[in-house]
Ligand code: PGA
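The chain below stands alone, shown as structure tokens; this is the form predicted alone.
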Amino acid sequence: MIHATLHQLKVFEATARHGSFTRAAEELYLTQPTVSIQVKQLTKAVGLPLFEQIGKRLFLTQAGQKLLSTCQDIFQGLEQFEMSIADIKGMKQGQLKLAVITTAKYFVPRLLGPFCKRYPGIDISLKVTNHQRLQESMAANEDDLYIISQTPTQPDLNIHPFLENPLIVLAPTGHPLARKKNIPIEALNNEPFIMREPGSGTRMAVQKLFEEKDINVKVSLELGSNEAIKQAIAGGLGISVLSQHTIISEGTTGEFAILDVEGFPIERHWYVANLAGKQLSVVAETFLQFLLEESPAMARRLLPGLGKANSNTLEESEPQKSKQKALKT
């Protein structure tokens, strides 16, 4: 029987995750020699090497990989136990690790606000990243729940659609196409186009449509954030395709026009996902149910900012509202 303390396992897990005694020590607020000693004592208890060092980097041995998996199961079980006890006591306490696609930052805080007020004992770790990095996080089982803008390729996920996410063609208000109706998609061939970075879910959706319609747009600029793209559009550097959620706050400013282009809006949804083999914590289950139940009300609150268009600008309402479908679950 291996005699190891919980403290030793925590030190080992941090060292394995970082591949470094120094970085593990920084995370745990310990000295580097203390971390090294704890790992050596655990190695002696196991009876096999847990790490091998190549250069300055530590790599797990086969025994180390097995122990890391066991540590993760132990820590997850303890966290689940703590949350279950809090739930029995009538309290929702613990941590929620939430990872969201970049564009979700425009509405997720609107949900987290009332959720945190309802459950003040829950601490939330929110990670905002692009589609490619989010898939890597899923593969590494880094988070409890993921909010994504397209169905991922991983088959081992539980996925729940909860909100519409239409993609629209956005241009500056004074653009020549801003007041035209039923614009053929071929008209985009002659327009300077601003694209998201490779790996972006929005970019992949746009490229798929353009390939289907045999459209070759002139990409004049690549930017890594929706905010940067919006500023570039407002500055007259080109047009782009963005989620309608990104322009909620600009509903009355008149800086942007939604172009009435054939094939748009691209109908997409927001999804909340979790690894199928992972038992959700009490906190994660609570947020999942909150998300599914509260998103319809949130959609109604956001509707005035999402459907406004008159002469295809964001200051008008009915013509564009009939073209751009209202958010619904």
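The structure presented is a predicted model; accordingly, all values stated were derived computationally and were not measured. Sequential numbering from 1, following the sequence displayed.
Keep in mind the form predicted in complex with 2-phosphoglycolic acid is missing from the figure; the text below concerns it.
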Does at least one non-hydrogen atom of Lys230 fall within 4.5 angstroms of 2-phosphoglycolic acid in the predicted complex? no
4.5 angstroms heavy atom contact with 2-phosphoglycolic acid in the predicted complex for Ile101: yes
Even though 2-phosphoglycolic acid is not shown here, does Pro172 get within 4.5 Å of it in the predicted complex, heavy atoms only? no
Using the partner position in the predicted complex, report whether Asn165 sits within 4.5 Å of 2-phosphoglycolic acid, counting heavy atoms only. yes
Answer range among 210-218, 193-201, 176-184, 109-117 for contact with 2-phosphoglycolic acid, defined in the predicted complex as heavy atoms within 4.5 Å: 193-201
